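Below you will find one chain, with nothing else, as structure tokens; this is the form predicted alone, and questions on how it binds or moves follow later.
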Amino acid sequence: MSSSLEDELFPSTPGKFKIERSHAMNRQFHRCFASTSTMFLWALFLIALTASYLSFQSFIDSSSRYFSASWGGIQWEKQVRNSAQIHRSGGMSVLITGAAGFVGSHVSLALKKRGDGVVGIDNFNSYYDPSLKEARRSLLKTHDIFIVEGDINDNRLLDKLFDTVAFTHVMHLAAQAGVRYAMENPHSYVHSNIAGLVTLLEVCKSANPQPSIVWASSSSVYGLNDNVPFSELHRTDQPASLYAATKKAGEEITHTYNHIYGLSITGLRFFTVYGPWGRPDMAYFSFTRNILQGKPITIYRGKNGIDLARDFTYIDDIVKGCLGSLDTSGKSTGSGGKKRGLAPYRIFNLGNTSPVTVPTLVNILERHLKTKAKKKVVDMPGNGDVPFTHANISSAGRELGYKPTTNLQSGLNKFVRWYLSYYGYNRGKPVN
């Protein structure tokens, strides 16, 4: 630092500096702002300078967000396009919501393996341990499937995806699942299952070309119906849970968008899906965990001591139904949000047609795990569960070629082998 500069910044006689500099500054001040017009011009200059700075800073911030955001950057667009590439003649490009979920991850893999383009979206929420979703994402990544981390309520993100790729189909599997959790957090069901669905449909109806849509409804829409096996022609206006009510609302909403905007829509009523990479909140999964840890399991029974029964459907059979639905979906007929003609609207049951009681499920698990369960049998609380489910799948068989091939004995054996491997039991490392 030069001596003159040091003198300017650190004067040896501070008091003298203040007085002399003060007089000088006062003279300059009066010269510069002697008139009102000069002050006005200075004010305009300062305002213009500030506005220019803020505009430039906004440009810098937006550019920075574009290049570094979790979505929307150049690298992000490249990943989306690469993942969406079709590798078979007559293939499709599918946006799969809930792709890091149980059914979503299996459907993604099946489509990719046969040469279709697949892009996933998932919000990785904490309804159950997100590490399982992260593990599924890692699995999909090894098959060159890219999952965008985001919420289906984010219409800007969805618009960006459709601007990047002209998806031919949407497989909508994202949802807040679970019957009992609705009593703890009802708003999450409205947010995901209704608001999220509408946001997605709004983007799809405005897309050009419009995609065909297949989405996951639920067997829970049959609610208090006791006419078995459940048929798509049966009443579904008596839901027993908020989850069921949101899925029923989804069926009405999708019908509206089909009618007004010409979207081709297929709804699939899943019946108790199970298998490898499943959801930890499902009974078969939690039973397995507790049996291995020596903890008691709670088995609910219905009125008059009747055992609960479910139409357990193995994941591979569900995947076949999903792919069959995509392959036969037909085209949407709208353009730019305007309907040009009638479009298909369909609903199918996807079940196994062989209901099994919960005690029988437990017995099968005990045999596969070679461990007896500590059972606690209690009456079913009024939490929205229904005593039984049983699917009539004749319509899916006729229209989709759907035919389940895995019984519960075989399916649970595959699940248990996956569970023991995934959680390290085959290496002598028990679950924490």
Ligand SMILES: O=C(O)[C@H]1O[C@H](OP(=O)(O)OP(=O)(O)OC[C@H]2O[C@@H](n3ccc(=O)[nH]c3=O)[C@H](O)[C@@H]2O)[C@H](O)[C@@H](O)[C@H]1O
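Just so it is clear, the structure is predicted and the values come from calculations on it, not from any experiment. Counting begins at 1, following the sequence as shown.
Absent from the display: the form predicted together with this ligand. The rest refers to it.
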| property | result |
| --- | --- |
| Site status for this ligand placed as in the predicted complex, C-alpha superposition, 2.4 Å backbone or C-beta test | open |
| Listed residue (Ser219, Thr97, Thr254, Ser264) with a non-hydrogen atom within 4.5 angstroms of this ligand in the predicted complex | Ser219 |
| Proximity to this ligand in the predicted complex, single hit among Ser93, Thr272, Asn123, Asn153 (heavy atom within 4.5 Å) | Thr272 |
| Complete contact of Ala177, Ala283 and Arg310 with this ligand in the predicted complex (any heavy atom, 4.5 Å) | yes |
| Partner contact for Ile194 in the predicted complex: this ligand, 4.5 angstroms, heavy atom | no |
| 4.5 angstroms heavy atom contact with this ligand in the predicted complex for Phe167 | no |
| Non-hydrogen atom contact Tyr243 with this ligand in the predicted complex at 4.5 angstroms | yes |
| Partner proximity in the predicted complex: Lys112 to this ligand, non-hydrogen atom cutoff 4.5 Å | no |
| This ligand in the predicted complex: contacting segment from 141-149, 299-307, 79-87, 205-213, heavy atom within 4.5 Å | 299-307 |
